[in-house]
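Before any questions on binding or motion, here is one chain by itself as structure tokens, the form predicted on its own.
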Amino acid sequence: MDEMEPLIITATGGEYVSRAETPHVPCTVEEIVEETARCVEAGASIVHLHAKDPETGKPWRGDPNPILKEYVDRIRERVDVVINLTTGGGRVGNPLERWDELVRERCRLGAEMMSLNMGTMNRWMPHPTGEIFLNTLSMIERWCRYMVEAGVKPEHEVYDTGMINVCRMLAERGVVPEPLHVQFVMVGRTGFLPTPKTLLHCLDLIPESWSWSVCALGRHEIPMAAVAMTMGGHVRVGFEDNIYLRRGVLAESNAELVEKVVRIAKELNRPIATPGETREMLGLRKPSR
């Protein structure tokens, strides 16, 4: 059998998880930089970042961009990794009319990728901004254009099949260059069920040239990562999605979850992508230091 494409592993500390859920979540700038370095050493080539309150780990209230800029600069000094910033951060403590400015500014902070939800949806767990995650079509198109103008590759976050249609529309209209990189976010409650059958159906709906990744919540994180690996896709793991190493055992770091995925990948004869290989596969422009 031909060797499979190297596996891109994204590590994420995430927005939702705080020290109320686990004492191991990194919250300060120093902790996040060190945790990123540990994840890269373990095998991650992308790190996905949200601005966190340094004391509680909850979403930062107010303008998150200065904090995200510090993360980016400090991580660049410490380790080579593809940095992926959220477009969702900044909704706590800021009015809707400010979100657009925050995203446009964030495209210039030095990240190579930015995540973007492909639609409005019901939240699957309580959040300070309410029950709805709002991303209208006009917001999505505008923010994609900001990213493209800044040389940032969108990571299209897909929670249901309608959002796949939005991705196809963006590509067909030339808003974003192909091939796209999509992430199937299998939250279960208000979106995709985390099952192999669901994933197979999703893959039938996207062009073969697109790259794709999977993340799933809680106990489904590692099983769906293993399914994605066998099918040639990529994976995301970390505290944003799951805080347990195994049932009843808290992971002591995001790096432990990366290490678990690496062990599975090796058993499946799936090589692990370096940051350089990840940039080549996704068509990313390496940032200047």
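Worth saying up front: this structure is predicted, and the values here are computed from it rather than measured. A residue's number is simply how far along the shown sequence it sits, counting from 1.
Not on display, but discussed next: the form predicted in complex with (5S)-5-amino-3-OXO-hexanoic acid.
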Just to confirm, E35 within 4.5 Å of (5S)-5-amino-3-OXO-hexanoic acid in the predicted bound form by heavy atoms? no
H48 within 4.5 Å of (5S)-5-amino-3-OXO-hexanoic acid in the predicted bound form, heavy atoms: yes
Whether T198 contacts (5S)-5-amino-3-OXO-hexanoic acid in the predicted bound form should be assessed with a 4.5 Å heavy atom distance threshold; does it? no
With heavy atoms only and a cut-off of 4.5 Å, decide whether E221 touches (5S)-5-amino-3-OXO-hexanoic acid in the predicted bound form. no
Which single stretch, out of 167-175, 139-147, 86-94, 199-207, brings residue heavy atoms within 4.5 Å of (5S)-5-amino-3-OXO-hexanoic acid in the predicted bound form? 86-94
For the heavy atom contacts within 4.5 Å of (5S)-5-amino-3-OXO-hexanoic acid in the predicted bound form, list the residues of 234-265 involved, in sequence order. R236, E240, D241
